[in-house]
Ligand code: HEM
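Before any questions on how it binds or moves, here is one chain, the form predicted on its own, in structure tokens.
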Amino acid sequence: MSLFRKIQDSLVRPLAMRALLTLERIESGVAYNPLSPALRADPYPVYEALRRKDPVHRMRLQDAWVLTDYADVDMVLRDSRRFGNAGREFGYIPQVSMLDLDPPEHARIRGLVSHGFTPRSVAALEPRIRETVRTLLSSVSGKERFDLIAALAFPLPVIVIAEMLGVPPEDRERFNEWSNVVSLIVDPLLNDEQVRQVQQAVSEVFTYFEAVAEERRRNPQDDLVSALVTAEVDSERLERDDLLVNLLLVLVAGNETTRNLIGNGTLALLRHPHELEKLRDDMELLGGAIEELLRFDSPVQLDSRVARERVVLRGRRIAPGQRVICILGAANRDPQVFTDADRMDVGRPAGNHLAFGRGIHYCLGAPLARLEARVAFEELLPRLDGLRLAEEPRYRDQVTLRGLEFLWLESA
């Protein structure tokens, strides 16, 4: 891109964006700007305004519709006939994972990948997860000040997924770096530099996994790469591109959801000390509390589909090919479904939240994320006694995934 073009874009794009957002406000009384720093810091007031004023909202920064009502989001995620995933990818890489496939191809790929996420294989990981959590927490034991994201929330899922994939310890730092960059791939609005970084990281991940997969074909081991290389459904195996892009998906999804759940959940508990005390006093509440933390500040804030046919929703005409953005974080705060929805309650009956999606694309790794979170909080909660926020945390500069950049704690 020429210097003139860069200067032109830097001047014209903000003006164009402001004009489109102004048009949204004129049309509906509210605007949705996923690039807004205020939205990143606290999206829930905007979600509430959208749900109240315009629950099927025309987003002008993209040719898209934004849904915030639980019933609408739930319906779209379940209806794979009228709302598909094919075509929703943002074009940052040419390959598509099972997240961006429709039936019947989706079922074939998911059936193959699911071999590595059976209930038995996930349950068998608990002792190693607990050992890892204890080791990580011991490294900050006695410290007057530490960052919980760097100490636990980030390294735990990286170690777990790396070991599942058979990645040696010396390569984990590269996994950390790749995960941070590749996670941007699910965001709808990236600048040119972010796209370049994503494409570079994806290329490096593919090169790495291709070498590992080739070695596992010759010498299978007890790991997820070997399981995927050898797995068969109806006598079919994963082709090269399918294998690599779905290993990439496992790397990102296996890290980001758990990282954000532990970070967001810990922050929510610290900001609601009565709920933290209630949970400490009755650890039997932990399973339901994790569901409440998933609902209250969802690690994945949005999912999207593409209309496969003309659909009329609440009187709004959605055309074939238009993107439909389902705001999971808004649906999980819908007062029509959740009593006192903006209040965190660790004793709330296990809710029907949408944090892991719904329908045929329901998160394959949900049982693993729940297990990691349960073990992490079982070990962490007793240690939170006497700790407080050392400084105001900051959320990462992302749209789809909501997670903390850091969470500094100190002795009270």
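Residue indices: 1-based, along the sequence shown. Treat the numbers as computed from the prediction; the structure is a model and nothing was measured.
Quick note: we don't show the form predicted together with the named molecule, though the next part is all about it.
- At least one heavy atom of H361 is located within 4.5 Å of the named molecule in the model of the complex.
- The named molecule is not drawn, but in the model of the complex it has a heavy atom within 4.5 Å of F117.
- In the model of the complex, N264 stays away from the named molecule, with no heavy atom inside 4.5 Å.
- A residue is said to contact a partner when one of its heavy atoms sits within 4.5 Å of a partner heavy atom; T258 meets this definition for the named molecule in the model of the complex.
- Stretch-level contact check against the named molecule in the model of the complex with heavy atoms at 4.5 Å: of 170-178, 249-257, 134-142, 67-75, the positive one is 249-257.
- Proximity to the named molecule in the model of the complex, defined as a heavy atom within 4.5 Å, holds among L50, A376, L368, V346 only for L368.
- This chain is displayed alone, yet in the model of the complex one of A227, V324, L148, V300 has a heavy atom within 4.5 Å of the named molecule; that residue is V300.
- In the model of the complex, the named molecule lies within 4.5 angstroms of a heavy atom of only one residue of 152-166, namely I161.
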